[in-house]
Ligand SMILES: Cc1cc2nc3c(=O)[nH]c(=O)nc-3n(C[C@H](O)[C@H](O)[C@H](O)COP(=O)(O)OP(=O)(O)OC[C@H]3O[C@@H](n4cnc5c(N)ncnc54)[C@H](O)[C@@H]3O)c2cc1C
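The chain below stands alone and is given as structure tokens, in the form predicted alone.
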């Protein structure tokens, strides 16, 4: 393979263009640095490449999902758990489903925009229950950057003052929909709190971007820029400085280093011509996703870093985490056969249920929150696919078969929007034995060694999901509904999804004050190489049950500010 060296020397090379990479590039370019960004996928714009206004019936596939488009034909994300030519492997008896996005903006083109801050307890888990480790920073250390992210990106919510759910600088939240009012009534009977959701979707014009017009198709890419994605909010102004260069189709292979062990740049394979290139930079920022960043560091071996760059501790790849996940759904006679009415809103729930068990006796340590779904949004392929299991529930009719003709059409009209569901998202305990490493026997189609995963749930996660199942089922009953599925058994893991399915991967390159135990210091700077930083989810010491993007953005901004300070002081 031909190796081509870029003659330019940049101030900073950023690997990855998602939340962490986009924020680092934005802050550094605004501060005057010349930045080069490597993105494994193509350039992509929601305004010109997305399918925000495409009707499902415009396609013969009616928007159905596929292996290449696991969230539907018109989903904005290019990627998935399986990518042709980019395998990964597992150790026997373990599992991990690795979702990757290959496009400008990465997973910020796909996510649900749920933007919860970590709370004070989330940074000191070990001190509270003896599991995992405490972070080297506390909530007070990151709070100023959460505030800055709120003001730059825009987020709606309500200042509730709820325990360990810090409030932010919120835009007004949208009103609850009908089924969400039903959830609030049922939760009140059980004494369970319900809060206005906190989504990075604009409900007012904000920093030149218009308010959401309630098409509810956020997952397809927002052509108006009313929700958050890295290209819209971060990369566009960074490019406007004239100091950001984006190299697309660049599969990063390794970080190059000098004799002192400091980074000198990044080598990559161009996906179009399959040639290997190198960009040179004085500082390298990794934001390729927690697992991809670990892979890159482990593949960057040299005499000074025989176990991989920043890995003298042996902790790179360790403490891999994802959110736990399981769902419960119920059908509600109050919602059957109702008149259609306006259910406009954003592409996500307007309310959520925070973790409510802080003061309860329980047999697991860490909590979860419940995300709510339902209502009458645009139906796609397979909607109401289980209608034959429910169309007899509220009438004296034989069960099964689904029916046909006018009766079946009427059933669809009557039952559509009568199902409400709860999806638990819980905290996984950080454990040394859950990790990824380089598989010595497998390379991808670019010749880059791939990852092998070793991940298992523990009883902590199983018992937490059991609690979530029981609470959700009680909530359905309190709302006057009927649960649609039986309670999963212990042998079925209480319905817990495989690790990696929730796509909240964090850990692998954790921060810590002790270089013998953690690859990064409290500023996400490598202990072993002072000009290497990480700004994706890899530095997380714990996962919390909160969706991770808002914390990635805040940490990335904090790290980028630190880089600017070091550069100004001549320390980089």
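Residue numbers count along the first chain shown, from 1. Note that the coordinates shown come from a computational prediction; the quantities given were computed from them, not determined experimentally.
The next section is about a form of this same protein that is not shown, the form predicted together with this ligand.
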Review point. Hey, in the model of the complex, is residue 149 touching this ligand, heavy atoms inside 4.5 Å?
Key: no
Review point. Is there any non-hydrogen atom of residue 107 lying within 4.5 Å of this ligand in the model of the complex?
Key: yes
Point to revise | Contact label in the model of the complex: residue 462 to this ligand, heavy atom within 4.5 Å | key: no
Review point. Would residue 126 sit within 4.5 Å of this ligand in the model of the complex, counting heavy atoms only?
Key: no
Exercise for review: May I ask you to choose, among 180, 122, 427, 292, the residue with a heavy atom within 4.5 Å of this ligand in the model of the complex?
Suggested key: 292
Check your understanding: Can you pick the one in 420, 335, 326, 251 that has a heavy atom within 4.5 Å of this ligand in the model of the complex?
Key -> 251
Review point. Which single stretch, out of 308 to 316, 327 to 335, 107 to 115, 140 to 148, brings residue heavy atoms within 4.5 Å of this ligand in the model of the complex?
Key: 107 to 115
Point to revise | Contacts with this ligand in the model of the complex - residues in 9 to 33 whose heavy atoms fall within 4.5 Å | key: 15, 16, 17, 18, 19, 20, 21
